[in-house]
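So this first bit is one chain, no partners, the form predicted alone, shown in structure tokens.
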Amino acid sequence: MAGQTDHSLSIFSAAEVEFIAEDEMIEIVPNIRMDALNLLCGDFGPFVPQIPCTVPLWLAVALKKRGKCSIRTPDWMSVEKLTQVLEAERESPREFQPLPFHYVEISRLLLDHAHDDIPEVYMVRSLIEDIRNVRFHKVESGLETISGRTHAVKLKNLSAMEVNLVRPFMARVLQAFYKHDSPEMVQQADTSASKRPQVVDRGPRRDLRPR
């Protein structure tokens, strides 16, 4: 699916989904002393060297680019955790393992801008790519089961990027099914209409008002 999906059909572009993900919180270890930052989205800091603190991902990346901090890799991005997730994904063809809603965007930003802070970075990159491919294949397989009688589709634990790719396709498919009903559904509707009670003409009504 990753190679076949038309990204022009997505509700948001990959850059827009990544922009939303940048508000996720992450832990950094500053190497500078700086007063607290009072921003519209909240107050962060003060920053003290070697004292961990939590900031939005966009701020962590900005400080990292300027050499003012290191970024602590989230627990779910360890080789051990990712290996467990990949094995579980492969063993459960109809279930998706719980991951952060923006795991794709978070991992991409960290691998691009903080790869030196990630232990076993090449293995982490490979595992995340394998997990994405397995999950996209499972989404694609699930979509193949859709029929004209499908009224809703439930896919639990999808990520933001996966939802963004699937939602417009699902909306168009279901809309097409509803627009071109199957013959069985049309026949059922006609049968229901024929069973409606018929109005019997009993002639002119009598005037019951006193004369």
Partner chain sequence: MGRLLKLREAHKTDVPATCSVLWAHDGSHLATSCASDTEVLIHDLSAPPPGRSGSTAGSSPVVLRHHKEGVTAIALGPTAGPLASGSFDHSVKLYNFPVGSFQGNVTRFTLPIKSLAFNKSGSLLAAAGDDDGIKLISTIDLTISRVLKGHRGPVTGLSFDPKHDYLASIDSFGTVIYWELSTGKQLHTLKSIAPNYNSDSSVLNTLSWRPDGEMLAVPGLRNDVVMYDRDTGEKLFNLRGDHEKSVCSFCWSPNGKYLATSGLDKQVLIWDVDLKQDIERQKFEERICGLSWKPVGNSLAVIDVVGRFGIWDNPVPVSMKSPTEGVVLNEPHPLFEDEDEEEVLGKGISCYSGSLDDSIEKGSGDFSPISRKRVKKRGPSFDEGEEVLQEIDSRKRRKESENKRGDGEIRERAVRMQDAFQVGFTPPQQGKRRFLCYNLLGCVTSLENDGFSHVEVDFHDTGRGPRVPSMTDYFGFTMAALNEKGCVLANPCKGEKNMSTLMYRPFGSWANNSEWSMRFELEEVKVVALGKNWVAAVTSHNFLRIFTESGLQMHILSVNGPVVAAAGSGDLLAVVTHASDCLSSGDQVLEIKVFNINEATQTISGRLPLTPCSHLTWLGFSEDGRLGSFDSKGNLRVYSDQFGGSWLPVFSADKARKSEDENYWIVGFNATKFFCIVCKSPESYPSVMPKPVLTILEFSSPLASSDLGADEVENEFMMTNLQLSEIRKKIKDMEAFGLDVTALDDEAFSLEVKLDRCILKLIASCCHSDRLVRATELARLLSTQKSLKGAITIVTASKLPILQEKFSTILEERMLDDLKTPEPIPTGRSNGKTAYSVQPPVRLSPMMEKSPDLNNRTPNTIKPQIKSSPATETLKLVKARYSTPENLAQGEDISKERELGSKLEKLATFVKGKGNATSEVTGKDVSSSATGNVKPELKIPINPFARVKKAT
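Positions refer to the first chain, counted from 1. Computed from a predicted model, the values in this text were never measured in an experiment.
Omitted from view is the form predicted together with its partner chain, to which the following refers.
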Checklist entry - Closest heavy atom of Q50 to its partner chain in the model of the complex, within 4.5 Å or not? => result yes
Next on the checklist: Residue-level question: is N31 within 4.5 Å of its partner chain in the model of the complex, judged on heavy atoms?
Outcome noted: yes
Checklist entry - in the model of the complex, does R132 have a heavy atom within 4.5 Å of its partner chain? => result no
Checklist entry - Are any of the heavy atoms in H102 no more than 4.5 Å from a heavy atom of its partner chain in the model of the complex? => result no
Item to check | Which of 37-45, 158-166, 23-31, 55-63 sits within 4.5 Å of its partner chain in the model of the complex, heavy atom basis | outcome: 23-31
